[in-house]
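Let's start with one chain on its own, the form predicted alone, as structure tokens.
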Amino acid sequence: MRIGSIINGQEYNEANRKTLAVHNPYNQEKVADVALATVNDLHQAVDQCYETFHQTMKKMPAYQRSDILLKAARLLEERKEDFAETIVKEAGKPLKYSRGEVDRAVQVLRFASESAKHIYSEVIPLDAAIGGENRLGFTKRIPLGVVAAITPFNFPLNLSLHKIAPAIAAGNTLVFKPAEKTPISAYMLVKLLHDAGLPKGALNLVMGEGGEIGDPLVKHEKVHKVTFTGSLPVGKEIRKNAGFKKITLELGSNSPNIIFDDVDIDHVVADLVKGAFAFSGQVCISAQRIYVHKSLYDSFLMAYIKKTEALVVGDPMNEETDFGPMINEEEAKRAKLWIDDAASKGATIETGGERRGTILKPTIMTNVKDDMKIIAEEVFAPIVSVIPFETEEEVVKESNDSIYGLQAGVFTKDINRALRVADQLEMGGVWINEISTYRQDNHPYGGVKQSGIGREGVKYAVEDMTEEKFIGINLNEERS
């Protein structure tokens, strides 16, 4: 299979183009060759988006945008298995989780379809100000123009649609640059949206290396917003290069989950195994730090190890597989080095810690220190640390001792304590009696500190894909 970028509906797949191979992370079989975009292709994609925005999308009524998104949702449901199997092959995500990603992607399209018809404005009471008599003021939310959507490998379909669907709902056009490791589902998604009736120049796909086409895309003067999900270093570079563009950055995390002494641990162990090890821990809000009250620590740890060791590890295409490979061997080696570094400094490997190719076994660490990479940085790997605590004040302080602040989980039967701790945690979101890894597609999602800027979640993304414009009318018939 060989694929290329798509600009105004035309695929750029000439034989003389430089290519990048996409391999199955589990068995290293080649899945596709990608014909890479050039800087000239990028400029053409942006110019086409700019033209299509002014000629078509800016004028398209809300019901038409809504209908396109709804038809796309129906088409995605029909093509569910094709998309799920593609995600397995290019990302190594187990089949049952890949199917779940497609289901969520359908839901995002449906939410966006509804949001397209509910972009509200307001009337301003101008007579509240001196001299405002007989004046009418109101606002309109207008689309921005060209949006650059730069997406990660870990949820190649759903996280792409969290950018693309709200942008379309708001009436924008997009230049879509997917992760180099997972371009096939992006290619299929663009084809699907065109099949759903989206004007071909409204969504242009450019597939290439970040250093070559990512930087010019962020800096391009005709791009009005950049929305990016990925690593903190890249996010910092984007913020520096974006200038006066609007930006949304969804960056790293080392999410804490706090278990107080009144919790029935049987109810949380299974969820926290999933929260730490789903898709090999390659999830921004993966449960990386689990703080357990000292009175429950030993019993929780024993049950947690047992449940982790029961995970089915293997071929992600098998229905029974719970846990598959990391995205590539380099990432697996990097994570293994972090485990070994922590162990050399006194941490204990309770289970896991072994690597075979791209598979790093689910790893539970104890006796960790705050300056270890597995605690201080985002591991983005199947590594979780279990840490005892005694007081509420202590655990809040330790949870907040991080450059990150994306999402946390708090487990307790005491609602007063739950809300008190939630208020004190320096996070963009806090779940009570739910793991940090849980995300719905209709709540505001984003971080504080160095976890990012702005919020996703369809309604909130649509708002940020528009500008508020004021229009005032002087109703006085005669002027002095």
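Note that residue numbering begins at 1 and tracks the sequence as displayed. Every value quoted in this text rests on a predicted model; they were computed, and no experiment measured them.
One more form of this protein, predicted together with ligand NAD, exists but is not displayed; see below.
Quick one: of Phe380, Tyr304, Phe83, Tyr291, which gets a non-hydrogen atom within 4.5 angstroms of ligand NAD in the predicted complex?
Exactly one residue meets the criterion: Phe380.
Counting any non-hydrogen atom inside 4.5 Å, which residue from Ile238, Leu272, Val190, Met326 sits next to ligand NAD in the predicted complex?
After the contact test, the surviving option is Ile238.
Contact with ligand NAD in the predicted complex for Phe153, defined as at least one heavy atom pair within 4.5 Å: yes or no?
Yes, Phe153 sits close enough to ligand NAD in the predicted complex that at least one of its heavy atoms falls within 4.5 Å.
Should Glu90 be counted as a contact of ligand NAD in the predicted complex, where contact means heavy atoms within 4.5 Å?
Contact with ligand NAD, no.
Examine Glu180 and determine whether its closest non-hydrogen atom to ligand NAD in the predicted complex is within 4.5 angstroms.
Because a heavy atom of Glu180 falls inside 4.5 Å of ligand NAD in the predicted complex, the answer is yes.
In the predicted complex, is there a heavy atom of ligand NAD that lies within 4.5 Å of any heavy atom of Gly210, even though the partner is absent here?
Result yes; Gly210 sits at the interface with ligand NAD in the predicted complex.
Report whether all of Gly314, Thr321 and Glu354 sit within 4.5 Å of ligand NAD in the predicted complex, measuring from non-hydrogen atoms.
No: no residue has a heavy atom within 4.5 Å of the partner.
Please identify, from 248-256, 73-81, 387-395, 112-120, the stretch that has a heavy atom within 4.5 Å of ligand NAD in the predicted complex.
Partner-contacting stretch among the options: 248-256.
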